[in-house]
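So this first bit is one chain, no partners, the form predicted on its own, shown in structure tokens.
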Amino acid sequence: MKKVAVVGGGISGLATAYEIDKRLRAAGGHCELRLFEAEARVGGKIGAARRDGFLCEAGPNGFLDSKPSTLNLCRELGIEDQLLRSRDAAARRFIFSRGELHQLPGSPPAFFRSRLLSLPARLRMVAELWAPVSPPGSDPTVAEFGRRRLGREAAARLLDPMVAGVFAGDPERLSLGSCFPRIAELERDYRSLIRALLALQLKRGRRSGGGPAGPGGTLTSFAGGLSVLPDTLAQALADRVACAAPLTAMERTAQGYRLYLGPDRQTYDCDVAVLALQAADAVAPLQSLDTRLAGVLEQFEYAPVAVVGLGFEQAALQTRLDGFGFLVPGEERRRILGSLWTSSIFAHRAPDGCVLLRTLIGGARNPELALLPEAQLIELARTELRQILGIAAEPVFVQVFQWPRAICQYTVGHRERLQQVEARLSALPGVFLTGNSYRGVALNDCTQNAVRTADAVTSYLAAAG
């Protein structure tokens, strides 16, 4: 009997194990599948604190419904009826710049009326139509791309906070093609982002319109929080999931691979090993198999992030939080990356008469702040919210989550590092790597890559006989 081990019980590992199991059962194959998770619970960074009527997510807020992989998974799991679309207010997103909040414009006329950018900067963006295209094969940073196409001011006040919101990263170091491949494709295909925008709007005009989140799709979660998805996947896999079983080492055997798990070094022999881990966590186990592969994985970098959830009584606030939240450009020199107005985005996140905010601290911009003691993080978040939003009230709910390695940073050269990883893996048949360290950090990326990995695993098993 062939044996398949999936190591890592985050959304990538759970979805990959589910997809492999589905394919093996459809093929009528007799294979054993096991999933091993280092922590006492599955879900990785997907989780939440539920207390006093508040539901505060620990990590991602949801996923966009514009890509099919996650929605298909929900449909197969029978949890489609639990999906929760973001409120219309989520369409209102803000940038904090020069001492005030500016709503991101939703149309070209609104953009040219907005005071987020100066008039010269708005006029400069028209010149994007004639800006030079990235040379073929080049790997520009997000910042370099933004300055070349949009101008310095727009790059600083539009692209920089976007990078903070998605990657908590430094646009001067992140690769455009690896972080935002769709933007790179649009430049290549249309030779202008403005031309691309007009062409895509024309195409959308021929179809039914998008949701509140705009052309990228509608932000979607579950009434019971995002952890509904990993929890349901774990239930589908049932007793094949083993928690508190970290992978400490691997060795090659005549039949495949031997995994050493946990402090007591229990072993599990398998034909296929799928490591659905952060690249940094795969270094030590792979060291004995291929030191050069482990060396490449050591080059992957991460940004730490702290999430500070604060709940307030609405009556105690001077302002009404009605929108997605705000992000802060690096040029503002603030100590937070931004704040998401969770109870305005989704229903069922705060009790009646209360609001919930999640403030993001750290990232590549100020990594040391993410690692501060909880009390200091709470005080930092409250100080920033008081200065930016005028919130001086005492919170009725407080929750802190700290992620020392929150998000992998796809810095320039990421594409070449992936090629090196693939080349080294070709000499380790039966070993597969997946997860958000490689080809996309969003939940949709993880579920889409799970499908691809499962196809590769089942093809390998079929060829191996």
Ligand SMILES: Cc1cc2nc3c(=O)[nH]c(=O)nc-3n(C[C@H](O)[C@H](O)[C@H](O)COP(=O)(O)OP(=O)(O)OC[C@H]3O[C@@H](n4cnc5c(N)ncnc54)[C@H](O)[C@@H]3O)c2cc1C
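All figures in this text were calculated on a predicted structure; none of them were measured in a lab. The first residue of the sequence shown is number 1, and the count goes up from there.
Not pictured, yet referred to below: the form predicted together with the named molecule.
The candidate stretches are 422-430, 56-64, 392-400, 24-32, and the one lying within 4.5 Å of the named molecule in the predicted complex by heavy atoms is 56-64. Each of 12, 406 and 436 comes within 4.5 Å of the named molecule in the predicted complex, counting any heavy atom. The contact with the named molecule in the predicted complex, taken as any heavy atom within 4.5 Å, belongs to 277 out of 250, 357, 354, 277.
Of the heavy atoms in residue 281, some are within 4.5 Å of the named molecule in the predicted complex. In the predicted complex, at least one heavy atom of residue 45 sits within 4.5 Å of a heavy atom of the named molecule. In the predicted complex, the named molecule sits within 4.5 Å of a heavy atom belonging to residue 246. In the predicted complex, residue 38 approaches the named molecule with a heavy atom inside 4.5 Å.
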